[in-house]
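Presented below, as structure tokens, is a lone chain in the form predicted alone.
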Amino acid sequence: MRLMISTTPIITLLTDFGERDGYVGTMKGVIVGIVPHARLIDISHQVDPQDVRQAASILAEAYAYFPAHTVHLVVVDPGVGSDRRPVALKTPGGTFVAPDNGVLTLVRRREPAASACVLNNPDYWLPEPSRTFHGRDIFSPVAAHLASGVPLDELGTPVTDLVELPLAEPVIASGSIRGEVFRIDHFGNILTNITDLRWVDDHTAACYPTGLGSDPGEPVYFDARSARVTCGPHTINGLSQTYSQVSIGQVLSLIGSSGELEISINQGNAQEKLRVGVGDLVTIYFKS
């Protein structure tokens, strides 16, 4: 059976606007006014206000599951109206429109074959853009034009020096992998920057270090049953495969759906109970 590949323009939206006000709906109105047949998909509008790091993480988790012709529109923009640049980034895995504030850091590291431009061609903006709503006046029309086939080089000046967030990488040593809390999700699960983890079998886990875009290193294998995970002052014995492997209300560590070390509570909020935050130290100890 031959599958039909859709070429319908797809535009995703990721913002910190929430859903109470009309900001997201206004952006969608701009987009469909330019490309009426576009398919619009909300990744999230519940990013914590001005939390560029959180948005970068959510975007990096989501974009790879969309077709490569998707345009990803990101508006988490605490510097709107300042000298921060509006940019677009084209990669083999998708095209991205966003403020140049580091929100594309993880995408750039995972998509090294990329080209970028500063969006300084006003022909592709709305007339008389405001100083406080570039999501409506610059980013949305540019995303729509990209989705309709306008090439990147018509939108502005090529650039290579996009802003990057100062993100720490995990450190692998003999008998340990050290990282930090990277993000807290809606359920209070503690997500870390110890990534590229996989299950080899029911008892063995492995870390396949990629260095966020560099050549992969040698896998590190360890017995998940005897491993210890420390997070702040807390210690969790062993890695679980599912939340339900422990009792309701019990703290556990496991490999999350995107391959990251996750610390959770079965049917509970780990962040509230453990009182840890972004940047706190997390370590997996194991017998090498």
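From 1 onward, residues are counted along the sequence shown. On a predicted model such as this, the values are computed, not experimentally measured, just so you know.
Not pictured, yet referred to below: the form predicted together with a further copy of the same chain.
a further copy of the same chain in the model of the complex comes within 4.5 Å of a heavy atom belonging to residue 22. At the 4.5 Å threshold, heavy atoms of residue 175 stay clear of a further copy of the same chain in the model of the complex, well away from it. At a distance threshold of 4.5 angstroms between non-hydrogen atoms, residue 199 is in contact with a further copy of the same chain in the model of the complex. Using a 4.5 Å cutoff between non-hydrogen atoms, residue 254 counts as a contact of a further copy of the same chain in the model of the complex.
Checked against a further copy of the same chain in the model of the complex, the candidates 38, 220, 227, 231 yield a single residue with a heavy atom inside 4.5 Å, and that residue is 38. For the stretch 48 to 69, the set of residues having any non-hydrogen atom within 4.5 angstroms of a further copy of the same chain in the model of the complex comprises 49, 50, 58, 61, 62, 65, 66, 67, in sequence order.
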